[in-house]
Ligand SMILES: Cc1cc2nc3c(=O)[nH]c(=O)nc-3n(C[C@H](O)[C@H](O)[C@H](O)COP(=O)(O)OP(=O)(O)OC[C@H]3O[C@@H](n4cnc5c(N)ncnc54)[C@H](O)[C@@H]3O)c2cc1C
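Before any questions on binding or motion, here is one chain by itself as structure tokens, the form predicted on its own.
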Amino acid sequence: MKKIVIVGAGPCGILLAHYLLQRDAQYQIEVYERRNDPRQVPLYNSKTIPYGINERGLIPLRRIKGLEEAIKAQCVKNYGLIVHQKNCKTRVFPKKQPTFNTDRISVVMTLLSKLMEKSENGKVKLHFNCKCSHLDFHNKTVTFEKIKETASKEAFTVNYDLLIGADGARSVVRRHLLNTDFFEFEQKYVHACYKTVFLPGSNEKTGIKLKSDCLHVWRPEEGITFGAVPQLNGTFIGLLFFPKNEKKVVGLSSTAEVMDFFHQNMPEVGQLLSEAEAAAFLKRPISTQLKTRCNRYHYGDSVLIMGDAAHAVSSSLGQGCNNAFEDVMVFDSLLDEYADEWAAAVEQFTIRRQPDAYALWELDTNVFPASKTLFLEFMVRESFAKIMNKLFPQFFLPPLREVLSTTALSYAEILKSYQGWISKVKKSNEKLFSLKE
């Protein structure tokens, strides 16, 4: 029986455990995660981020019995985009088919719960509070530090036959690949930082009520965007994006200033925001977004990275989790194709996935322009594409936003089809953000 060690118990790592568990091959699966077990920690909104599961992510879930239904039960259907303007008027962009909004913790807990239902024979073992600290690829060992409440750390080493790094954008497994020959890696911080805001869906006193089955967006000025993502319980997780040196945001120093900022720039949000949440917003650290890419995802016949560890992107397009789920499905298909011959499967994973990962790197942050003028052009383009695709589908592509969220068309194909727009936005965004730095 081969021992598989998965580093990272996020959506990618846990879905991979599901896939490996249902294979005929005899695998002993051990999953190690540096965070606490989410099933034993009280849920605090400040520790979760919104997810949008689209068709690309649903297809891999469908291949595991019961997973798609279980995830959807934690989601709210999102039927479109509502853009709020400063004059309080709105523009609605409906979706051809819905995407499904939830949050990261809900996805992880659902995947964990279903995994435990299927692993009563002990073929899957979960280890939390275990920080990966060192890898020895030659001897096939990985060292973890057991994190305790007393802040003390107890190191231990485990062996593996096969190692999967699903440990996120700042992957420790990937970091050790830097010591291998001809491994090339690039990382880039996204211009837009963000802070989270948690909102009720309505305020009876002011009469404000956000449509609970749509994503809401405000763009008060160039470089600043606020998105409110609906959740199953009727609340919204908001994300305020802004350049790292934007004084209008980073200069906020009191609850009153936060309230005033939202009332002036996003009046609907200001009327939903409580003083307690404004105070919490002020204390939350500014979060950065990291994009990564590398020239291969494997080492030899026994090490593989996937998900954000292999190709992290920003939250701009909502593709990170969906792309990670697709990674798992592709790798499982390769194991089928090569009869669980890992040497061939891991090498082919790099070959098959790299073109899409590089294409997504280009699409990421370059679909939606930061410029207000160019964003108006984007909305016009989307409306025109929707009409023409409906009338002449054989000649006109669907709107870019729709292609990304409702199809499983490869990122490489999407980039090729919309290269003109992506190049135009990329040039505009780079110019705008360089002026703000």
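Start at 1 and count along the sequence shown; that's the residue number. Just so we're clear, the structure is a prediction, and the values are computed from it rather than from any experiment.
What comes next is about the form predicted in complex with the ligand, which is not displayed.
Visitor: Answer with yes or no whether Y194 is in contact with the ligand in the predicted complex, where contact means some heavy atom within 4.5 Å.
Guide: Yes, Y194 lies within 4.5 Å of the ligand in the predicted complex.
Visitor: Please check if C132 has a heavy atom lying within 4.5 Å of any heavy atom of the ligand in the predicted complex.
Guide: It does: once the ligand is placed as it appears in the predicted complex, C132 has a heavy atom within 4.5 Å of it.
Visitor: Does the ligand get within 4.5 angstroms of any non-hydrogen atom of I305 in the predicted complex?
Guide: So I305 does not count as contacting the ligand.
Visitor: Does any heavy atom of P50 come within 4.5 Å of a heavy atom of the ligand in the predicted complex?
Guide: Yes.
Visitor: Using a 4.5 Å heavy atom cut-off, which stretch among 316 to 324, 180 to 188, 332 to 340, 348 to 356 contacts the ligand in the predicted complex?
Guide: Careful reading of the contacts points to 316 to 324.
Visitor: Out of V172, A278, L115, L210, which one falls within 4.5 Å of the ligand in the predicted complex, going by heavy atoms?
Guide: By the 4.5 Å heavy-atom cutoff, the listed residue in contact is V172.
Visitor: Answer with one of K146, K77, K140, R104: the residue that has a non-hydrogen atom within 4.5 Å of the ligand in the predicted complex.
Guide: By the 4.5 Å criterion, the partner-contacting residue is R104.
Visitor: So, a 4.5 angstroms cut-off on heavy atom distances: do all three of L61, S119 and L126 pass it with respect to the ligand in the predicted complex?
Guide: Checked in the predicted complex: no contact with the ligand for any of the three.
Visitor: Using a 4.5 Å cut-off on heavy atoms, what residues in 11 to 32 are near the ligand in the predicted complex?
Guide: Heavy-atom contacts to the ligand in the predicted complex: P11, C12, G13, Y32.
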